[in-house]
Structure formats: C-alpha cells, structure tokens
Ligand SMILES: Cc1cc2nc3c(=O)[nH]c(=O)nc-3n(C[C@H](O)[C@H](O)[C@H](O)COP(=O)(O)OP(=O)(O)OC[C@H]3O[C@@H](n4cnc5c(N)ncnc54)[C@H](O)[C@@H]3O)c2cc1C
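Listed next as structure tokens is one chain, alone, in the form predicted alone.
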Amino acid sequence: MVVQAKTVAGGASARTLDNQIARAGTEPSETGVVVVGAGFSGTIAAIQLRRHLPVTQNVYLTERSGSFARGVAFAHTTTAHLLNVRAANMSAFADDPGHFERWLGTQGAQFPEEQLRTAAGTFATRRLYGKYLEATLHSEIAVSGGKVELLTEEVLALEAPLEAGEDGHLLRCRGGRTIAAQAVVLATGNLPAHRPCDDVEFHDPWTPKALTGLDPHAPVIIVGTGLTMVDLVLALHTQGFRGPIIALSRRGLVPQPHEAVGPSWPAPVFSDAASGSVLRLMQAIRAELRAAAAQNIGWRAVIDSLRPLTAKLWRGLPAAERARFLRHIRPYWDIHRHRTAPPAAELLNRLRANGTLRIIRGRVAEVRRGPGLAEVIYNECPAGVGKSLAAQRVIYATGLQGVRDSGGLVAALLASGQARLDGQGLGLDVTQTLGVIDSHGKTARNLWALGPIVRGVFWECLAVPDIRLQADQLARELALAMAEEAAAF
C-alpha cells in the first residue's frame, strides 16, 4: 500500500536544517514530484522544480545512500580532490554565474585550505563544493517552508497507479515502501559498472575499498588514463603510497591542464557538410585552430568556443558518425575538453619524472589471478606485442560506461520497456525536452531524466555548467506539462 506520514518541515535555523537531513527517510505527506538521485543533477533539479512549480507543490528528493547534495563526485573524502572546472564556472545557477564565488567568499571562507588560487583561476576541492551544494539545498528547504523533502530510499521500480484513470507513478522501494508520485525525474548520475569487486580487481574506482589495504611499496595498475586516473593517483600519493603506479590505456593520453584565461574565440559556423561528418567536422575545427594560432590565441579558446554548439553538432551527426566519433575521436576530445587543475597536473608530471607513475599504451587482454596478486596480460599499442605486468591491485578507471549492465532502477526500466537505450547505448533515450522515451518509441508520461544518464542524446551533459542548464529546462517543461494536465480537468 501507499504509506503516508507527516511532512518534514523546513526551517530557517541551521539546527532545523540539520534535523531535516537527520530525519530524511520519513514518508511523504502527499503526492508530488519525486527526483531519484541526490548528486548534483538531482539536487539542482529539485531546487529548480521547487522554483518553477506552484508554491503548494511538494518536491521529494530521494537518495539511497542518505548523503544528499553529494553524490560520488562531491563526497566527504580524506583527499583534497580538486574540481576540474574553475570556481568562476561552477555556480549551481546559469542565471547567477557568481553564486558559487560569492559563497566561497562568505561561508566558504572558513575553509581556506580547500581553495587553491592559481594563474589559471581558483580551484576548489570537491568536498568543499559538496558543502556548497548542501548549503544551497538547505537554503531552498528553508525558503520553501519544507516543500522540498528528503527521503533516504533506494527506488527499485516504477509501477502504474493502483486507481484506474490516475496519472503518475508508484515508486517501489527497497524495504517495501511505496511512494505515490505525480511525476518522476531520473537523476541517477554516473552509474558504475555492475560488476563485483574483490581484494584485487576493482571495477568501481570510487569505492573506498579500492585504495585500502595496500602494501605501500607494491605495484598498483590503473586501467585508464583520464581524469579518474588523475584522482586515484592523487589519492594514493596523499595517503602515503610510494610504490609504482602503472596507468594503462590504448593511447596513453592524459588530460591537459587549464591555463590562464586568455582572449576568447568566436563560436565557429560550420557548413551542413561538416556538421554531418566527423571527418569534415574535425577538418573544420583544425582550420579554426590554425586561424586562432595565427592570432596567438591558444587551442583552449577554440575548444571552449564549441561548448554552446556541442549538443546541436552531436544531434546533427548520423548514428554511424556518432559511433565513429566514439571509436576514434572521443579520447582526444576528452583530454582537451575535460582538463585538470594545474596543481594536479604538476603532481602527475613530478611523479612521471621520478618514475613513480608510468603511462603505458596497451589494451588489456586478460587478468590472471593469484592470491593477493594479479598478472595483467596486455597487447602493447600500436605494435600489438603481448606483454604482462604484475600488481597487487587492478583498478578500472575507464570512464563512463553504458547502462546495459548497471543494475538497479535503470535496468528495471529498460527491462520493463518503460525506457529504452539511446542509439549509442550510453544512457537513456529522451526527447529534446528531456522526456523519457519508452521501448515503443513513445514519450513516457510524467517521466523525465537529466544529467549523465542522457549523455547519448546530448553528449555534453556531464559537467556542472551543462547540467544546470538541463535542470532549468526540465523544471520549466515539467511545470508546463503539469499545468496543462491540470487545465484539462
């Protein structure tokens, strides 16, 4: 049955707000809009929904871990992982770009060690950004008078309402609770590979166990050389690990660092021919790079100029061209588009210079297991010569994977036909207005999604500047849809 309980009221004082977090998990008092997942995507979606929906409308934010406004990216850790984006670009609100920087100057000022000022800009730690998101969520709870409620629940499935003719969904949760929802927003963030981890192989690089129980002098292998690898190396170094670290990927590419902001470059205008072909598009971008270099403007400005165009360019590519991009261009795009903070890049350079960190080009062919030991058989690239490495641990940091084997709610939606994969199998298929598309190709009623889970449709929806725009769009679209439904009765 559908359980009911009293509403958890928000309050203005810090103590009341802390109680809101502590009491998260009580049942909602009435049906409302339910957001599944409380990382950045879910948190900012809940806030934007509360701002665009009628003042009487309840918004429920669910999170299975009970850690709201954090997620994997901004969790409490002992390592000062830096954000990969300047503080100036990390406001939670697109229409208030200075919001985060102002917070750093007020509430964030008590954590000066969590902010690094460099020639390329100020970079805050991820855990400090998590405090900012918590504070922003608390503020909305207070302002709304408790109309944003927090529920510590893992949603397993969405079911049709029990009463005939009713709209919305029933959310079935682990533990038996059922929550009635007028509309559901999926904001599950980056889904880890649904594969078990043990004492040697870790397919989830963010589990705390991945870096615990290590011999401080025995080798560790990281499969992947992107931003996750950078974070893992930083964490190992911080905890005193001084053994060999071997990072392995097919191309051995490492993220480029940010530099001081220089002159901007105007957004290019691409021909229809270039917009429909990866090869021609890359040729056009290289022409932009050459033109910028002739004016002493660096490549970073050109790549940044593409940001407003990326989603449109991605949509314009035929399916075969998107697949070609993923196979051949994505690794190069990622290291230039998703850069690392200068201090992290400097540490990597030092560790590579002294031999602690090795970057190897190769493709993993097999992992042979022994007691507390792994032998990684890999084919060296580009020659394809078979070689092997021995290590006490193998950590997979290969970036975002598809959602076919992710398990949980997403897998249940796919299995039931309530949702379908996008053309690349990276995430859920959605409309341009973020409505979930079911297995019959129809837009599911009152079911929406945003953030990394829809990256196959929009491509650039992984970082804060992209997700905050989606959250605002989704809130407006959902509010309009609900208003139209109400007017129809």
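Please read all numbers here as calculations on a predicted model, not as lab measurements. One-based numbering along the sequence shown.
Form predicted together with the ligand: not shown, discussed below.
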Only one of L232, L248, I141, V155 gets a heavy atom within 4.5 Å of the ligand in the predicted complex. Which one? V155
Looking at L53, A463, L426, I437, which has any heavy atom no more than 4.5 Å from the ligand in the predicted complex? A463
Is F325 close enough to the ligand in the predicted complex to count, meaning some heavy atom within 4.5 Å? no
Do W206 and the ligand share at least one heavy atom pair within 4.5 Å in the predicted complex? yes
According to a 4.5 angstroms non-hydrogen atom cut-off, is N84 in contact with the ligand in the predicted complex? yes
Would you please decide whether F40 lies within 4.5 angstroms of the ligand in the predicted complex, comparing each non-hydrogen atom pair? yes
Please name which of the stretches 92-100, 181-189, 281-289, 347-355 has residues with heavy atoms lying within 4.5 Å of the ligand in the predicted complex. 181-189
Is it true that E63, G71 and L409 each have at least one non-hydrogen atom within 4.5 Å of the ligand in the predicted complex? yes
